[in-house]
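Next up: a single chain in structure tokens, the form predicted on its own.
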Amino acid sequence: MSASSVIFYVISGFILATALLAVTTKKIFRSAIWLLFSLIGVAGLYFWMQMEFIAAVQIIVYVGGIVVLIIFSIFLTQQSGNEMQKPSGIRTIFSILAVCIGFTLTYLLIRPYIFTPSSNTPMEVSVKNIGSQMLSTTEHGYVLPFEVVSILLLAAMIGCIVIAMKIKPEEK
């Protein structure tokens, strides 16, 4: 096994471990921190693949944008030290079933394809080429995904505001 493979497996193991901890921890603030580490691991994977621009976007949009909004909303609710409520049994069963269906569908979609490298020459990746392609409205342009990222950030901001809203106590 080459050193490159070892680095890939170490980064992948880090991402999977921190993602699992983000989902299974009982404290909401710790869950947000584990999510932060998981997303930084994904950025590390992009750096390992020598996609520096995509790694920088990963850090700016997800780590710098979404996770920071989530952490601020947790602090605004002043419940960062409280434990999250345990999900009901039916919700747990439904979640496991949804994950199994998702993995099955993904496997069935990927199975018929044979993934072989097309060439050993590295791609020409420059910020100028990425910017031109990202804002292009031609057939291979990426204007729509660029706009979807802005919708994602808006949805994260709205979600954080909803989390941060104070619930009025019921009057007796």
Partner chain sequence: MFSLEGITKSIDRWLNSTFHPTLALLLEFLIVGLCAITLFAVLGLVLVLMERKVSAYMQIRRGPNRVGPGGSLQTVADTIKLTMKEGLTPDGADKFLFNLAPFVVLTVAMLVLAPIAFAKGFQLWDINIGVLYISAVSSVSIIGILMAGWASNNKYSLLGAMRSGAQIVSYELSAGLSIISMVVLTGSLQISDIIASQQNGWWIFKGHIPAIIAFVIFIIAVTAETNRAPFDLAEAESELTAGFHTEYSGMKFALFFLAEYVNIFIVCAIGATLFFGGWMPLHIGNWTGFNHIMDYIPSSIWFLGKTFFLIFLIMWFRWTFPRLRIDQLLNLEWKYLFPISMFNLLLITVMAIMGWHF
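This structure is a prediction, so every number in the text was calculated from the model and none was measured. C-alpha atoms forming the largest set that superposes within 1.5 Å between two forms make up the rigid core. Positions refer to the first chain, counted from 1.
There is another form of the same protein, the form predicted in complex with its partner chain; it is not shown, and what comes next is about it.
Heavy atoms closer than or equal to 4.5 Å to its partner chain in the predicted complex belong, across 30-44, to the residues 30, 33, 34, 36, 37, 40, ordered by sequence position.
Here residue 24 does not count as shifted, since its C-alpha moves by less than 2 Å between the shown form and the other one after the core is aligned.
Annotation: Cα of residue 10 displaced by less than 2 Å between the shown form and the other one, core superposition.
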